[in-house]
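Just the one chain here, the form predicted alone, laid out as structure tokens.
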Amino acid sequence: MAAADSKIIFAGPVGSGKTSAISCLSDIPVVSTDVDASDETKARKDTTTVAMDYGFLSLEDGTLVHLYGTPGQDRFDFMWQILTEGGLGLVLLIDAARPDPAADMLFYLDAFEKFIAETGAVIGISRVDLSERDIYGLLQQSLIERGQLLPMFEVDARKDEDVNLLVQTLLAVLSAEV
């Protein structure tokens, strides 16, 4: 990674842990654009992000890593393009407790396809404790069938060490591609 400031994008469905993950890393309280949920999202959580979440991490060399979380609802997908501009890479969080995590993953991989091709990505599977299915195996099989192998980990988006693992893996992937 270079001396210039960088930004990492966190994406995924509503409730997958984007805001929590950014909170784990950020040196400041997360700036969010959460509003009361008014649609089917209300069944999952009380509020939802409509523009972005933002935080930053200061590295020892003075580099700032800006952390942007995208809205999870596809009706706000216009923000995805805006937020990925100049981005270093993508942390995709998938909620294992949702009805079809594989479909969610494929949807977001397609939505961010160009950005991922130009940068890199890592996948974190959150809320695994709330699912009785082998979500990791299911998602891995979906990636193999697609011919798109990406690093993937089961994570708790509220735990610093899990989120750090995702970011460090993303940085290793980006370094290897240079």
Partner chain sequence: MKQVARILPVGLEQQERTILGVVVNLLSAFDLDVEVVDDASEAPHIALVNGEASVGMEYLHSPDTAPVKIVISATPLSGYGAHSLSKPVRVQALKDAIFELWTQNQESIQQVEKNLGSRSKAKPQPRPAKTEAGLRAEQVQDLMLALLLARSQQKHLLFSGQAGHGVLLDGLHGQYYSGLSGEAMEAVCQQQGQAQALGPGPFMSAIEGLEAKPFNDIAWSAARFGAAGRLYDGAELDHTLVMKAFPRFPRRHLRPEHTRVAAMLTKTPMSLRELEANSGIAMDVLIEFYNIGVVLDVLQAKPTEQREIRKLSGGKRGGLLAKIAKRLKIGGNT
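Keep in mind that what you see is a predicted model, and the values were worked out from it rather than measured. Positions refer to the first chain, counted from 1.
Just so it is clear, the following notes concern the form predicted together with the partner chain, a form of the same protein that is not shown.
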Next on the checklist: V14, D110 and L130 - do all three of these have some heavy atom no more than 4.5 Å from the partner chain in the predicted complex?
Outcome noted: no
Checklist entry - With the cut-off set at 4.5 Å between non-hydrogen atoms, does L88 touch the partner chain in the predicted complex? => result yes
Checklist entry - Can you check whether Q140 is within 4.5 Å of the partner chain in the predicted complex, heavy atom basis? => result yes
Checklist entry - Heavy atom to heavy atom, is I22 within 4.5 Å of the partner chain in the predicted complex? => result no
Next on the checklist: Taking the partner chain as it sits in the predicted complex, is V155 in contact with it (heavy atom to heavy atom, 4.5 Å or less)?
Outcome noted: yes
Next on the checklist: Do any residues of 139-175 have a non-hydrogen atom within 4.5 angstroms of the partner chain in the predicted complex? If so, which ones, in sequence order?
Outcome noted: Q140, I144, L149, L150, P151, M152, F153, E154, V155, D156, D162, N164, L165, V167, Q168, T169, L171, A172, V173, L174, S175
